[in-house]
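Encoded as structure tokens, the following chain is the form predicted alone, with no partner shown.
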Amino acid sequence: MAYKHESVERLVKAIFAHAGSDDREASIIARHLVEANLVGHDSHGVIRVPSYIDWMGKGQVVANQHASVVFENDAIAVIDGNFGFGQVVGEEAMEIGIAKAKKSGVAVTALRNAGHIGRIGDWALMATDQKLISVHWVNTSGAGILVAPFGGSDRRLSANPMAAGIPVDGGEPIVMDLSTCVIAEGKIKVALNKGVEVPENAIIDGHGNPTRDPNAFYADPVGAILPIAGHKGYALSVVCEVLAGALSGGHCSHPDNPNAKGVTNGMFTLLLDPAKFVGGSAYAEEMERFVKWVKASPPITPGGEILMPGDPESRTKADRLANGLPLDDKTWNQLLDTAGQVGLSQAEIMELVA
């Protein structure tokens, strides 16, 4: 069933407000989660609400925390998220990096001890909105270990997503947003809720055997996700661990980390101001020429179209803004159950989603 995004956002905001978040925090979390659904990344959308509330209750993520700078100079900032909600401390870390990049032309930020920071493409878009290029590497230091190394049979790495944002004057930004593993864990949850199988060659069961059954991933012993493109994805994942884990001070994936009790993200971000590298209109003209060249390739499928990274999300968002968010019954009911658990009455819920 499809739901108005405004109604879903109101409900999610109210859930976090009743759970202990202040108004600003509840608004930021709700906006980011619903935005993930709007662009088609349902695995990082409102399906996460029950988990976030559960982690909050267990003290694995702490309400109303803010990012604090541990070290900085003109181009570098090492930032501690203080185990606050990733949507909040992620925005604050990006604001610090953006200000430095606009002043110096380049900035590097290393964020540690952030709660789950959601869809990484959001941070790339924050940069492109300011006409900056950005590249992001993310890891999870402990509880988010989900991925088998190439040739391995159990979980040793986190999902380790990467993202990049490239501004394009007069056009949609180019946004790369991908995981270094075959499938996001949230998409396994989506498949589980929908009662469907995951794609082939995406996960293995707890004995190292290939499977398409999402239940096998959560069985005892637990299964694992495979890296993309075999050894190539594995290599990218290792780089994510080093940049987001070791350099941030938030640790690489390891069950014995002091912050391994919860899903704690690190994010290493590089920000670049194209105007400081190539003056005048040179960058804009080159990007226009390049995009036209790539998109002019004759499609293999008759009537097909060449899209740039980020185009599918933009089109999905336009469709869902017009036609609503498609949420399966299990996800919607879990959202309603969570609302009740934090103290929202049935009448209040119905008013919020009207």
Partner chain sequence: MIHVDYQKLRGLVQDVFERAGCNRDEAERIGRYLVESNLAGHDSHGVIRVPRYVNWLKEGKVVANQTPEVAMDTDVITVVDGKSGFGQSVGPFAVQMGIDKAKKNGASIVAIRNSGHLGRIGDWAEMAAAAGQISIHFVNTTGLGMLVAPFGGAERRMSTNPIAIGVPREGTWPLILDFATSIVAEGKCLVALSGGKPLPKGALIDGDGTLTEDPLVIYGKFDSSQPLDNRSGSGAIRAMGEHKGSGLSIMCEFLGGALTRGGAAQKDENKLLNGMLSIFMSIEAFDAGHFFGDEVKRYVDFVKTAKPAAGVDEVLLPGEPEMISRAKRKAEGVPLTENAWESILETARAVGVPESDLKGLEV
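Quick caveat: nothing in here was measured; it's all calculated off a predicted structure. Numbering follows the first chain given and starts at 1. For the two forms, the rigid core is made up of the largest set of C-alpha atoms that agree within 1.5 Å on superposition.
One more form of this protein, predicted together with the partner chain, exists but is not displayed; see below.
Figure note: of the listed segments 114-122, 91-99, 128-136, 190-198, the one touching the partner chain in the predicted bound form, with heavy atoms no more than 4.5 Å away, is 128-136. Among heavy atoms of N265, none comes within 4.5 Å of the partner chain in the predicted bound form. Although the partner is absent here, E286 lies within 4.5 Å of the partner chain in the predicted bound form, judged by heavy atoms. Interface residue remark: K232 is counted as part of the site for the partner chain in the predicted bound form, having a heavy atom within 4.5 Å. Although the partner is absent here, K276 lies within 4.5 Å of the partner chain in the predicted bound form, judged by heavy atoms. This chain is displayed alone, yet in the predicted bound form one of A202, L236, A216, A143 has a heavy atom within 4.5 Å of the partner chain; that residue is L236.
For the partner-free chain shown, nothing in 1-36 comes within 4.5 angstroms of the partner chain in the predicted bound form, judged by any non-hydrogen atom. Taking the rigid core as fixed, one finds a CA shift for G59 smaller than 2 Å between this form and the one not shown.
When two forms of a protein are overlaid on their rigid core, residues whose CA moves 2 Å or more are considered shifted, and I300 is one of them between this form and the one not shown.
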